[in-house]
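Okay, here we've got a single chain as structure tokens, the form predicted alone, with questions on binding and movement later.
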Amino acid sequence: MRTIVAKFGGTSLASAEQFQKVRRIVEADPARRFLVVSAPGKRFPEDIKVTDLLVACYENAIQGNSFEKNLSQVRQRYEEILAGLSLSFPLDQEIDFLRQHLSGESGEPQREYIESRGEYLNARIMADYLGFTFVDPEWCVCFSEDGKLDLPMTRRTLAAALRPLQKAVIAGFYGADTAGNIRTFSRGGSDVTGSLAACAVNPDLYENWTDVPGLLAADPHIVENPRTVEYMSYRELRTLSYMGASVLHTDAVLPASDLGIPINIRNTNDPENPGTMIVRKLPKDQKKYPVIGVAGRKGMSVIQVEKVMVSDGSGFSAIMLDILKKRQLPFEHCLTGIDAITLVIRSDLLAPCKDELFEEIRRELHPDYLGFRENLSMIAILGERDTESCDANIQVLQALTRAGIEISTVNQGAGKLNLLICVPDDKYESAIREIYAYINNSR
């Protein structure tokens, strides 16, 4: 029996009308047996997500302020959905539970519990609306007491919960630790729940339904009407997601890729559009392009440490990285040369400890030169053809040079095109447009 796990994001479930669209999508293919749902998102640009309203409730509660206005807004969102679906649901009882928790009647309010209630309520409503079984991830998505996902246990418990069922809806974004406390993923974490559910039932396909027609080759806020990428590998999706392509949570790729489950990114508002397929290897009949996508992140800093004979086996690089490790300061990329080490680090993480870090580097490594640049953006350019068989990397760099865009660092991976560069923040948008123009011209 063919099986599809389908995850629907916040914009796909923002209103009764969107719920109805989801129902039509689910009923169009009986293989869509397992659904993962987010909390209601924005209905229009100025709207407020339900999760943000719940966070506001929590923050007011712990500050001793009234949370009733925000809680009333949460109630109103669900009342509108239930009325539009002509559905009976014990909403008053659920809102009272929330109020008791916020007021401290059962102890100090817990942020992650409050944050998770948007997904919890939406999943219960969707299960009632479709006639599916509701599965609460509190009992089958497992965290350790320090808040880290227990992946082996989660795979076992989710499989035990879902596989006996014919059709089910599971709330995204949260689970519980060994002490019974609700734990959440980072924002957008319903994607992770979707991927975990897919691993639990090993379906033929994992669909991720959102408000865009698939993964776009560039940021639509920068490039007008960028094309949709038809196929992409798991590795490329992880890179672009990490670099800012916000269609899918970065951590949602690994569980599905481990089992080779194909991921299909689709648009709830345009269900006939095939979207983007994420696979381990491209189909043999698919053309491989020099460049398929570009994404980036602002707010980077570069540290350059120069010392004669860095690579002479003295352990210079290891000492440098150990200094960062002791400070729990992650770096985005590390480039090494004969006499230099270059580190790309997020500026917001570096700023609180920059002076102390530089002092320690001078004390421990005695560099000949210690350089620093900030206000930089990191850009990833990915392609399907081998860099050895095309000059796409050269063409991209030449396009940026012709546009007068300074390139401060370059990191080229082997094999398929995987080019990482840093440019000034104020040239970031221009660089993305120039690279996308090359993408279009190279097809």
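Worth saying up front: this structure is predicted, and the values here are computed from it rather than measured. Throughout, we count residues from 1 along the sequence that is shown.
The discussion below concerns the form predicted in complex with a small molecule, not included here.
- Considering the small molecule in the predicted complex, the lone stretch of 228-236, 364-372, 184-192, 347-355 in range is 184-192 [heavy atom distance within 4.5 Å].
- The closest heavy atom approach of Ile381 to the small molecule in the predicted complex falls outside 4.5 Å.
- In the predicted complex, the small molecule stays beyond 4.5 Å of every heavy atom belonging to Glu207.
- Heavy atoms of Lys49 reach within 4.5 Å of the small molecule in the predicted complex, making it an interface residue.
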